[in-house]
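As structure tokens, one chain now follows by itself in the form predicted on its own.
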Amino acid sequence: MPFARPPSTLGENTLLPARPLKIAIVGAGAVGAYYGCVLARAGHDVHFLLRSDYAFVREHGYQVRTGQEDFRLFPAKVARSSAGIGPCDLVIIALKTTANAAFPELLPPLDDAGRTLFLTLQNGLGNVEALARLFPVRRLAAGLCFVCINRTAPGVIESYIQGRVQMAGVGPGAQGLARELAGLFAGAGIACRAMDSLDEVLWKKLCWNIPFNGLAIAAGGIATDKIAASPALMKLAHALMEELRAAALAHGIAIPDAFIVSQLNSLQGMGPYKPSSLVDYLGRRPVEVDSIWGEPLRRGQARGLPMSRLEVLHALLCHLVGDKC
């Protein structure tokens, strides 16, 4: 598939060069590997920073399976270190937020003399702030992925629902940067929309992650079909969303009723999907407790909101994962 990025509407003053880009995927798990493979298929020079799957993907490449098609990316450009990739036009960060402390080690070797753009596709709150401690905000953006993607085996990525991505930039020129990145993804066939408000994107994504990632673990390690089949769990999920909506409003973000309803209805047809936090929990890997549950709880309480249900869920998750919250 040829490079298909649509022409920019921003004139000559653009941040992304009008050519296939050199892109680094930092955190090539399910989400990072999927978008990296799709962008590579569209003609971009994509490099995957890998550790555990390095040998397998180097030998076999990636296999991507969706409801509409299967395709293989071979060879896949893989590296064990950021230095092995070198400076890039764009760095897409899909690390678990539990690894954010490694930003100062992982990201600077990928920066091309202050021209590189950094896009975080991570869950929760606080990730952009962590990036801003290293790079100017004008080069930062965040994308939230409303998708169902799992890594089912080394080098095998399955996308169960087409889904969509929402992009928002940070600081001066944020809207232009978001439009360029959304155009980049759309040119690769990924449903993507540029948003005006980064905070709106972040708080809205939490409406799904907080209840469904959390209850999947706290209710005994269950997939989304079990949650959807339980009136009690769905009632609790709704109550958690309402707490989060109140916290968002206290930070100037209004989340409409229709969005809450859409998040509750999203489990229908999803099947036995295991949210990413549940996959990490079952695999005895670190769970993103602080960024998904802890930081929103602190921000809500700082505005005088009780957040009682989220407080209980956060405490329970800390206990289950053995985190020092």
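Numbering starts at 1 and runs along the sequence shown. The structure displayed is predicted, hence computed values, not measured ones.
Here the subject shifts to the form predicted in complex with another copy of the chain, a form of this protein not shown in this document.
Can you confirm whether L215, L233 and R309, the three residues that make up this candidate site, all sit within 4.5 Å of another copy of the chain in the model of the complex, judged by heavy atoms? Result yes, every residue of the spot touches another copy of the chain.
Would you mind picking the one in V147, A250, A219, A79 that has a heavy atom within 4.5 Å of another copy of the chain in the model of the complex? When another copy of the chain is considered in the model of the complex, the option within 4.5 Å is A219.
Please identify, from 119 to 127, 174 to 182, 233 to 241, 139 to 147, the stretch that has a heavy atom within 4.5 Å of another copy of the chain in the model of the complex. Of the options given, it is 233 to 241.
Mark A315 yes when one of its heavy atoms lies within 4.5 Å of a heavy atom of another copy of the chain in the model of the complex, and no otherwise. A315: yes, in contact with another copy of the chain in the model of the complex.
For a quick check, can you give me the residues of 29 to 62 that have a heavy atom within 4.5 Å of another copy of the chain in the model of the complex? Residues within 4.5 Å: none.
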